[in-house]
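Below you'll find only one chain, the form predicted on its own, shown as structure tokens.
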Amino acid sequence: MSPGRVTGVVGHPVEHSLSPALHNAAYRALGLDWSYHAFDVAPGELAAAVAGAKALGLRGLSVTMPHKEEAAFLADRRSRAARRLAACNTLVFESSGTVAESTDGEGFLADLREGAGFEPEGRSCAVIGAGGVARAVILALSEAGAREILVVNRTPVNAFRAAAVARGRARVGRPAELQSTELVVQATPVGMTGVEAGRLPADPRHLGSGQLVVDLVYRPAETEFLAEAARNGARVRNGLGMLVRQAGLQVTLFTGSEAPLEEMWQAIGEKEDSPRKS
């Protein structure tokens, strides 16, 4: 076995996270004497947490809400995606410094194609939300050749900032326009277990047949947003596939080895070909 290393996830709240189960299953399958832990880090405490992790010799950290934007600016170097998004979901601690990476967009595209059978090239898409994960999805859809990406958000200024990561393809849209798109991605934490209730700027009753609706929330497995869209005839999918695939990319960044996705799916009681309503 390789010498033991420690990795983890920082966020607030973080007790709901499936990341420890996914990463620890991957390390076991790879024969690594590594461990992965969840660290609840309150807003304003990320810099201290990252400094402590580096001082203790951790290999890296996954980063979830509300820390993705701050984490990118704490790094010494940023990947191309992290620079464009001004956010990251991964910090890798190298001898030469801290590297900020973003695996959200690539993980989302992989699940969209392999899990839902949807190829975004030339298609009309919409993203609800303007935070770090929403911007990652907007950028990924743009780079995959989506014809148009509508950005719908309750705060217009944030919607314009999010659309700016994909100038020429993304634009701020109205909720009523969602029904004319082929893909709708709900990329806010509204509906997530452990998150204070909120209100979306879009009504799923206006979505329906001929559309793929993806809610990036994975716990609960079916949000009210997905359930309503499904009742209206839409094909729906939750965020579990994106979670697993982006975690697999993080495993590769941390260890240098290809992630054992099958074992990661098994660790959370799922099979990779499970339909998850898609």
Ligand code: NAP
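What you are looking at is a predicted structure, and each value in this text was computed from that prediction instead of being measured. All residue numbers refer to positions in the sequence shown, first residue = 1.
The discussion below concerns the form predicted in complex with the ligand, not included here.
Against the ligand in the model of the complex, the set A130, V133 and R199 is in full contact: each member has a heavy atom within 4.5 Å. The single contact residue among L46, A26, L243, A229, judged by any heavy atom lying within 4.5 Å of the ligand in the model of the complex, is L243.
Taking T98, S142, N158, S79 one by one, only a single residue has any non-hydrogen atom within 4.5 Å of the ligand in the model of the complex, and it is N158.
When the ligand is considered in the model of the complex, L61 lies well away from it, no heavy atom lying within 4.5 Å. When the ligand is considered in the model of the complex, H206 lies well away from it, no heavy atom lying within 4.5 Å. Although the partner is absent here, W34 is not a contact residue: none of its heavy atoms lies within 4.5 angstroms of the ligand in the model of the complex. Contact annotation: G248 falls outside 4.5 Å of the ligand in the model of the complex, judged by heavy atom distances. Of the candidate stretches 248 to 256, 235 to 243, 26 to 34, 53 to 61, only 235 to 243 has residues with heavy atoms within 4.5 Å of the ligand in the model of the complex.
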